[in-house]
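Given as structure tokens, the chain that follows is alone and in the form predicted alone.
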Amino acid sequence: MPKISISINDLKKILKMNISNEKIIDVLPRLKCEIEEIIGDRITLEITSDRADFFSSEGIARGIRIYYGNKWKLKDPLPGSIKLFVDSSVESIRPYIVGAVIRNIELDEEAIVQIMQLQEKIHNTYGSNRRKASIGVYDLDKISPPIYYSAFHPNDIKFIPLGYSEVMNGYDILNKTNKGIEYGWIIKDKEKFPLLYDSNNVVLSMPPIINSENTKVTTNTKNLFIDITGTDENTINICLNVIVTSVLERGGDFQYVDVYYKNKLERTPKLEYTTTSLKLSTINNSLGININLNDITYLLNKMGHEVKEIKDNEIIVISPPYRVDILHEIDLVEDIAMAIGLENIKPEVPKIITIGKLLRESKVRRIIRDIMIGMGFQEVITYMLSSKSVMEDKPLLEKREFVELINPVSSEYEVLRDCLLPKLLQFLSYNTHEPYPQKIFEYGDVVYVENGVAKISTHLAAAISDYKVSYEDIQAVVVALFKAISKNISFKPYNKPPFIEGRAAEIILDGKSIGIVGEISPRVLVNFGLEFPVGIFECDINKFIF
């Protein structure tokens, strides 16, 4: 889940309430903001990926203010609009763009930090690592509207990228800038690159890579232009809603941008409220409580919603434009539960008397867990969902077909894992600060695609990371494991990534390959940010037990 850092003093400045630090800290968990640490004036929070409106101080301040009884109201837009013209050349690259203007705003250093943090967290979640949506924020007073969005050959693109001092062309930006190296994969195979520029040919940005230095936002900026380009029109619209409503918490007013396509005109931002039908029975059955309509109205108000109508046992609820996570009535039930406080909902013992027993699979798992723990390994559980970067790019594994989510909340959770090895390497990368040796294992399901059909299997994987680890160390673990379950195995040389050539083998049982074991190559270690050698094995439990 995304982690953000906010300033308590900045939060109070936006809140404009006489409120103690204790009250702020008390309410944060009820807003699904988990406190990681507090050091001086700064709080580090872990935010669920669906709550993009909490990715910065502005949204959190709004949430606290509403929780303590203040209502939120969308400002009326300023008259007039800015024109943005979209050329047909971007249709096969990044076909959609939205925009907004924020005028008369006061920015200090912390405000800029929070806006940039909000921008990057949205990139990494709803934006699928900038692939589906990428955001640009500019000083409007350095721009001469109308604005144009078109595509050009990389050699014809020339501007100074943000944070640099020399003019670069499109190829230079991909190869020489940090953002180009990190995100260049999105457009590098295109014949033309997208470009945003004004009526004086001043470049604003080369989406989705980098903004220009000429339109940089500073503490002297009074008026902002915001654009979001992408491949999914709905995604960029909801991202713009979050950005605009968050920035407005610092003051100022918004103005529309008229986006002219070849055959249509779109006025953005589309700050529309969401209407959801909520049944009383859904609330009571989901939470196991009996709650009356007056209490429901009060609790929904605390979370920023408004009850528009009550008919029989059905409640019509209006949610503000920044609540882009409200997709179903169960999302409102969750908000009610958070407003009540999970600690105030008493658990209920099921009114069922039955005799249960372990499944065969559970017995096998228990035996293997006991063996691995007995050899000094610690069990870990990683997410079934992952990214193609973790599953393919970082471990240098071949491109292959995955079960993919059509509309993932985050680029971190776009595919179902088909093996455990990359997930263990990722886990180790998160724990480089912990003492060594590190010995971990996971016993869990994977989903792979065979002849176009998704299939589930159960895998076991284990890894050792230490100042000195060899192939022999991890092979000895494999031998001991299979000896303990009375299976005779052999090994066959294996010379493919992610292992060092000559330092890996297939695990063979009854003439069939059931897994791999080896020492991870230095290139893969670097990709995962690992400093010490790693020995790892993975085997398909279904191939020799179930």
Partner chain sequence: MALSQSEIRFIEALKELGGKSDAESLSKKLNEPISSIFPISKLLEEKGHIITKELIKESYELTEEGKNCLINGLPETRIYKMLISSESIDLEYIKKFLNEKEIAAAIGWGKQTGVFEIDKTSKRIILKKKEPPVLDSILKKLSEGESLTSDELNKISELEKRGLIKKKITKSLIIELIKDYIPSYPVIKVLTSDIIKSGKWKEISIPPYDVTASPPVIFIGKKHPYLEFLEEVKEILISMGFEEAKGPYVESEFWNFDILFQAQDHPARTIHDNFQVKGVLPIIDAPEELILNVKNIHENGGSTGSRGWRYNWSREIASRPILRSQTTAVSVRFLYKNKTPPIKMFCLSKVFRPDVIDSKHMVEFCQLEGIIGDYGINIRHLLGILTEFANQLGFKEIKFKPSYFPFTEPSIEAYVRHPKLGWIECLGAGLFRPEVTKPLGIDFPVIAWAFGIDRLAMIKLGIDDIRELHTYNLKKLREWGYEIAKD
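Residue numbers count along the first chain shown, from 1. Note that the coordinates shown come from a computational prediction; the quantities given were computed from them, not determined experimentally.
Form predicted in complex with the partner chain: not shown, discussed below.
- Candidate site formed by E348, T354 and S362: every one of these residues places a non-hydrogen atom within 4.5 angstroms of the partner chain in the predicted bound form.
- Distance criterion of 4.5 Å from any heavy atom to the partner chain in the predicted bound form singles out L287 from the list I160, L280, V307, L287.
- Only one of I187, L299, L416, V86 lies close to the partner chain in the predicted bound form, with a heavy atom inside 4.5 Å, and it is L416.
- Partner proximity in the predicted bound form, defined as non-hydrogen atoms within 4.5 angstroms of the partner chain, places exactly one of 49 to 57, 510 to 518, 478 to 486, 493 to 501 at the interface: 49 to 57.
- Using a 4.5 Å cutoff between non-hydrogen atoms, M1 counts as a contact of the partner chain in the predicted bound form.
- Contact annotation for P395: none of its heavy atoms lies within 4.5 Å of the partner chain in the predicted bound form.
- By the criterion of a heavy atom within 4.5 Å, Y383 is counted among the residues contacting the partner chain in the predicted bound form.
- In the predicted bound form, no heavy atom of Y197 sits within 4.5 Å of the partner chain.
- The partner is not shown here, but in the predicted bound form the stretch 359 to 378 reaches within 4.5 angstroms of the partner chain through a heavy atom at L359, E361, S362, R365, R366, R369, D370, I373, G376, F377, Q378.
- In the predicted bound form, the separation between the C-alpha atoms of N407 and S89 grows by 3 Å or more relative to the displayed form.
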